[in-house]
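Shown next as structure tokens: one chain only, the form predicted on its own.
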Amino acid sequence: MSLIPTLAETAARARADLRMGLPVVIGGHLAAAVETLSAARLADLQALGPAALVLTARRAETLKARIYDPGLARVKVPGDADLGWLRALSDPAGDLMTPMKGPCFTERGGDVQPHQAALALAKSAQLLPAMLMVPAAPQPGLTSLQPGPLLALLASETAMHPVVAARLPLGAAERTRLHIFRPDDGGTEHYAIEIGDPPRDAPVLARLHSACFTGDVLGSLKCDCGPQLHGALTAMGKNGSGVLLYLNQEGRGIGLANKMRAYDLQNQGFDTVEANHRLGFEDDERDFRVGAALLRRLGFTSTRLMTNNPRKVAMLESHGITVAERVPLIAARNRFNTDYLDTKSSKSGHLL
């Protein structure tokens, strides 16, 4: 029956539930995001049985917690643990002030697919990947998912659907159209800025630009995003045509709130990659398959790609888009972004 939610719709509902502090059911476990969990719901969950705090291996490594499972650790939660205890292990904001945490006794053995699915769901909701999980029977009214299909869904490429396009004259180029694309998984919309009338049978000058509120809008000096955005648009205007894909994957895919958490850690002396790891994320959580999908939707099969990131080139070519040329896009250094750019080069492989 078409009125029954699909798996993608149920997952979108589950993301919203987690962001509001409501547990969801994943494969015989109640799972709640520590970041949004209330004290009252914590007490109710603990009353159901022994709980585990599920952390990514990246976060567990910083806590010196033993990792027995692929990609994660299940920390046994003491019966008297409160929200403060859970959040101290989940959020690295106070790691340097109180480096000794725990003790972190971790579980081993058994099926961890529900725990893997819970962490993946938290990441897709742009929450800290730290989940409190309790084995329990499904509760009436809670969103319920099976871990295998959920993991497959979250790992799959999301279909993009055009919503609308309209003329939008810019300072860089007056002949410009802004295209809006909506994913079918209930996620954030992405945009394509088409300058001029680029032919579909030739390599298009293109850039995959990940959203950066702090750099693109506020003019932050900590990154090169704003200068790269405006530099790419200016180059396309001078070229007479081009496409800039504006992908809403803030903070390398971890979201603005987690990006600010990473900035706070950087102020404590960690570099970009180290900060992401302490938060429980990988170096880069973005899904550049979105860029390939949008280029195909717009009718392009070949590009002159404006990027310093070889990963973008490899991703496009592996998804049917020929990269005829990599066009460097180098922004000026300043005293605030030098360490950031050095880390991009040394740890992320950017060609700077």
Ligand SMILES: Nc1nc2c(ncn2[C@@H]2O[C@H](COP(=O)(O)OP(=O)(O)OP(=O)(O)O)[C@@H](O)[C@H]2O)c(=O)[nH]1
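Quick caveat: nothing in here was measured; it's all calculated off a predicted structure. Numbering starts at 1 and follows the sequence shown.
Although not depicted, the form predicted together with the named molecule is the subject of the following passage.
With the named molecule left out of view, the stretch that reaches within 4.5 Å of it through heavy atoms in the predicted complex is, among 74 to 82, 89 to 97, 185 to 193, 220 to 228, 220 to 228. Proximity of 13, 15 and 115 to the named molecule in the predicted complex is absent: no residue of the three has a non-hydrogen atom within 4.5 angstroms. Within this chain, residue 302 is remote from the site of the named molecule in the predicted complex, having no heavy atom within 4.5 Å. Within this chain, residue 312 lines the site of the named molecule in the predicted complex, having a heavy atom no more than 4.5 Å away. Taking the partner from the other structure, the named molecule in the predicted complex has a heavy atom within 4.5 Å of a heavy atom of residue 307. Proximity of residue 250 to the named molecule in the predicted complex falls within the 4.5 Å heavy atom cutoff.
None of 211, 153, 233, 104 but one reaches within 4.5 angstroms of the named molecule in the predicted complex through a heavy atom, and that residue is 211. Of the residues in 276 to 299, those that come within 4.5 Å of the named molecule in the predicted complex through at least one heavy atom are, in sequence order, 276, 286.
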